[in-house]
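Next comes just one chain, in structure tokens: the form predicted alone.
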């Protein structure tokens, strides 16, 4: 099977605080923090940063931490909903930038993308296709945000997180449980419409729009069910989970999930206060930060769960093993 052999992250240099937003929006730091848990977010700076450069930066760090070079990588997967161009894929552009040869492709499952990518990579390892896979979650949703829309501009930030996944004969490694699901009838509650498409009305909004109340309800309900289903399928009890790495969308969602699943809130890792919602990047950025702090121990049980536009959601469970 496989294990996480390296982690990395890349975040934009520009910081936008709640007080910065309050300079031109009808809001304040207390209002944003109490409702979301977010204090600041990172936003792309001028034209020197984009989804590809962030992805490459996170990938290089993950490869370095795994003691791997470009020639060792057999496949590149990028989870993103904000590519810099339609063709070729962000993964192709990252592979070209890093000198990696082999298959490279994108997954667009919005904020669930990293978890979807982890399940796809797990399938490749189950078929003994590759030795090392580079999986990246990266998004620059600030490029789709109307900065005067208080309902969205306070939430989203940009960033990238990456992992190298490596084959191992350790029987305890690999995915212990997977659940992928969604409900496409809910697509209108969180979307970016393309006003250049012939089937879209002429004056359609081309920035991200969200029905926050509905997204919150769907997120809590779907995440609770997805995690419970995955734990049950893996014959694992909630109290046996060592760390819960949820998509960083809203701290109140994380609080609600822990309460419903009877999982100790201290086990639910967060960094939303610093980065906001970075979509597909949120889970791998969080993973990289905690790994840097050496908080994971050999054999720790990690639960990853993402949810986002589509609507999509999914859970993966695996054990952490040190790269030796």
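Residue numbers count along the first chain shown, from 1. Here the structure is a predicted model, which is why all the values come from computation and not from measurement.
Absent from the display: the form predicted together with a small molecule. The rest refers to it.
Stretch-level contact check against the small molecule in the predicted complex with heavy atoms at 4.5 Å: of 221-229, 94-102, 153-161, 122-130, the positive one is 153-161. Although the small molecule is omitted here, in the predicted complex none of 5, 237 and 304 has a heavy atom within 4.5 Å of it. Though the small molecule is absent from this view, in the predicted complex it lies within 4.5 Å of a heavy atom of just one residue from 107, 253, 135, 244, which is 253.
Of the residues 271, 65, 53, 27, just one reaches the small molecule in the predicted complex with a heavy atom at 4.5 Å or closer; this is 27. Taking non-hydrogen atoms only, residue 249 approaches the small molecule to within 4.5 angstroms in the predicted complex. Contact between residue 188 and the small molecule in the predicted complex is not found at the 4.5 Å heavy atom cutoff. Residue contact with the small molecule in the predicted complex: residue 215 places a heavy atom within 4.5 Å of it. At the 4.5 Å threshold, heavy atoms of residue 210 reach the small molecule in the predicted complex.
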